[in-house]
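Before any questions on how it binds or moves, here is one chain, the form predicted alone, in structure tokens.
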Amino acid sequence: MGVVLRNLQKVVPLRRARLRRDVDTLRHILGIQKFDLGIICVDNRRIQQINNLYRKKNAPTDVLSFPFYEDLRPGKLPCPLHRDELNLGDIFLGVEFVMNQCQKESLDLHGALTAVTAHGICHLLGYRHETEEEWAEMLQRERYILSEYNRLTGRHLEPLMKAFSPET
């Protein structure tokens, strides 16, 4: 199956083909091409509902990840026993939230969506940022992923995580 990319929002014009190519590049970098992955693009209202339901945070956000393997150690790939376990999980991209951030910080929307997707994939692969140590480990992994992405594509993306905050 590969990547299922759904655009369930109408607020931000989105070039799904470009995002799909970027996701395929990220999957190649991480060696996770054999795993299925869902990416769902939503508006502020929908991501706020999901954030409130699952994290008890009644605010929109840039990305929410729902891993298939909840106890995966960072840096370890799952070892599925059956074909139907070749799934990493789902990522909800708050496209409207990301667009608003891009406007405030003069960033390219598609580049930011790629960086946020890399962040979401890290969560699917067991990375967290609930402590400063976890944050540093995840930031290091994101920097590696995006540096490889930049090398392969000629782009200049950086992680969007700025500083450790236990609230994010």
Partner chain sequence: MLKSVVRAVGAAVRLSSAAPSAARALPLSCPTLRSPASATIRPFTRSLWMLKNNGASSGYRPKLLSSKVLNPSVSCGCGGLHTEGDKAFGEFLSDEIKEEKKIQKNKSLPKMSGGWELEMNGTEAKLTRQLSGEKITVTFNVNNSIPPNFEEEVEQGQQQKSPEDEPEIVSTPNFVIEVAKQGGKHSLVFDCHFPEDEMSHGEGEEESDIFAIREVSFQPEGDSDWKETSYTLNTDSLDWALYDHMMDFLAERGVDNTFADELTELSTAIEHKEYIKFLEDLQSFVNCK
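Keep in mind it's a predicted model, so treat the numbers as computed, not measured. Residue numbers count along the first chain shown, from 1.
A second form of this protein, the form predicted in complex with its partner chain, is not displayed here; the remarks below concern that form.
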| query | Looking at the partner-bound form in the predicted bound form, is residue 100 within 4.5 Å of its partner chain by any heavy atom? | reply | no
| Partner proximity in the predicted bound form: residue 160 to its partner chain, non-hydrogen atom cutoff 4.5 Å | no
| query | For residue 141, is any heavy atom within 4.5 Å of its partner chain in the predicted bound form, or not? | reply | no
| field | is_contact(residue 46, its partner chain) in the predicted bound form, heavy atom dist at most 4.5 Å | value | yes
| Which residues from 91 to 128 come close to its partner chain in the predicted bound form, meaning a heavy atom within 4.5 Å? | 92
